[in-house]
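The chain below stands alone and is given in structure tokens; this is the form predicted alone.
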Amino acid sequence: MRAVGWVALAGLAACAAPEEGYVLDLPEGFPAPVIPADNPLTAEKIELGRHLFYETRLSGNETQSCGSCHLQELAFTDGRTVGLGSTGAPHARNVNGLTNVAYNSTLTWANPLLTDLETQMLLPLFGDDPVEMGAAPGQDAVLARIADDPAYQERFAAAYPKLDAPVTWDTTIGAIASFMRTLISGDSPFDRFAYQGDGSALSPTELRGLELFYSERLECHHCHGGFNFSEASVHADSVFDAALFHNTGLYDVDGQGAYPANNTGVYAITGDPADMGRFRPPSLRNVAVTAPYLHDGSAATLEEVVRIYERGGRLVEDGPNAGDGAESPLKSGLVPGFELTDAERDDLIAFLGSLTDTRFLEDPRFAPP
């Protein structure tokens, strides 16, 4: 199919960035993200946020920053099976990547209530189950470390010139959120092929994988479609509810669709049995560098993930989580299973690799200051 066909399937939206104030450098074919009216972007705020994102003094024990768990070269994931907080305690879930986080309709694996970065950031900073940054017990002292630093005094004054005392938790969170909204990736080989008119940007192998990805036979694009390769995405002109979550048949520990007790998905928030095992479909942009995969990091490679979907769910043969997810009564109808030859599987994985944006992974604007 011609490139224009893939542009259409990718959900291209012709939205302009705001005309006033700071203007994001958006890739070709990308809509403008939602920017809160009470936290507009400015260059000074973004630069302050970059410093704070990598600031270990924001953790209770001064050992961890946001950037400790979100590494640029790994598309702002951490390469671990599950996250580790500043106290060393393991978490139940794999670290979410921050590629194009400004477009996420919800901001964790399975909480439909967290829809903006400013609110979501309260959890890693102050949450205690599990501990991440661990700032809560001595939050005044943690903030004082920043307020007493002359360099930060200058940066906060520049970012919030109308405030007499600009160093607060609200301004700290607002600045980090502003920086995170600039983490936009859209210069992969796929983008050069689909949006920038470079018909040679994808290899024959990747092109065959693209055909498979968008086929009704595999149905990948139903959950991982649009410009962000996730249907759980929003932008400034969105008109539909994109708070989407799916049970993909990874577990069935009781024959009735149950997931492990520490990882029940949206069910943990709503208590609705229909929400058991439902998780947000992440963006597939830069997916080749974000292993391990799935909400609990239980798949080591992209091939393993593809084989789970081929089977229509995962078989866990033994142990406390034994069960056949393919037989789960709660599994999404979008995971029916399909057959691939070895060559087709290789093609599909090659296409997923074409979503890697090397410039994003190396961009000095996003690196530690």
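All residue numbers are counted from 1 along the displayed sequence. Bear in mind that the values here come from a model prediction, so they are computed numbers and not experimental data.
The protein also exists as the form predicted in complex with heme C; that form is not presented, and the subsequent description refers to it.
I need to confirm a contact call. Of 181, 93, 235, 192, which residue comes within 4.5 Å of heme C in the predicted complex, counting heavy atoms only? The residue in contact is 93.
Of the options 201, 207, 74, 101, which one has a non-hydrogen atom that comes within 4.5 Å of heme C in the predicted complex? Partner contact (heavy atom, 4.5 Å) among the options: 101.
Within a 4.5 Å heavy atom cut-off, is residue 282 in contact with heme C in the predicted complex? Yes, residue 282 lies within 4.5 Å of heme C in the predicted complex.
Exercise: residue 171 in contact with heme C in the predicted complex, heavy atom 4.5 Å: Although heme C is absent here, residue 171 would stay clear of it in the predicted complex, with no heavy atoms inside 4.5 Å.
In the predicted complex, is there a heavy atom of heme C that lies within 4.5 Å of any heavy atom of residue 335, even though the partner is absent here? Yes, contact at 4.5 Å.
Mark residue 65 yes when one of its heavy atoms lies within 4.5 Å of a heavy atom of heme C in the predicted complex, and no otherwise. Taking the distances in the predicted complex, the answer for residue 65 is yes, it comes within 4.5 Å of heme C.
Does heme C, in the predicted complex, lie within 4.5 angstroms of each residue among 41, 186 and 360, using heavy atoms as the measure? No: no residue has a heavy atom within 4.5 Å of the partner.
Hey, of 193-201, 142-150, 160-168, 273-281, which bit sits against heme C in the predicted complex at 4.5 Å between non-hydrogen atoms? Comparing against heme C in the predicted complex, the contact stretch is 273-281.
Residue by residue through 116-145, tell me which have a non-hydrogen atom within 4.5 angstroms of heme C in the predicted complex. Stretch hits, in order: 117, 120, 121, 124, 125, 132, 133.
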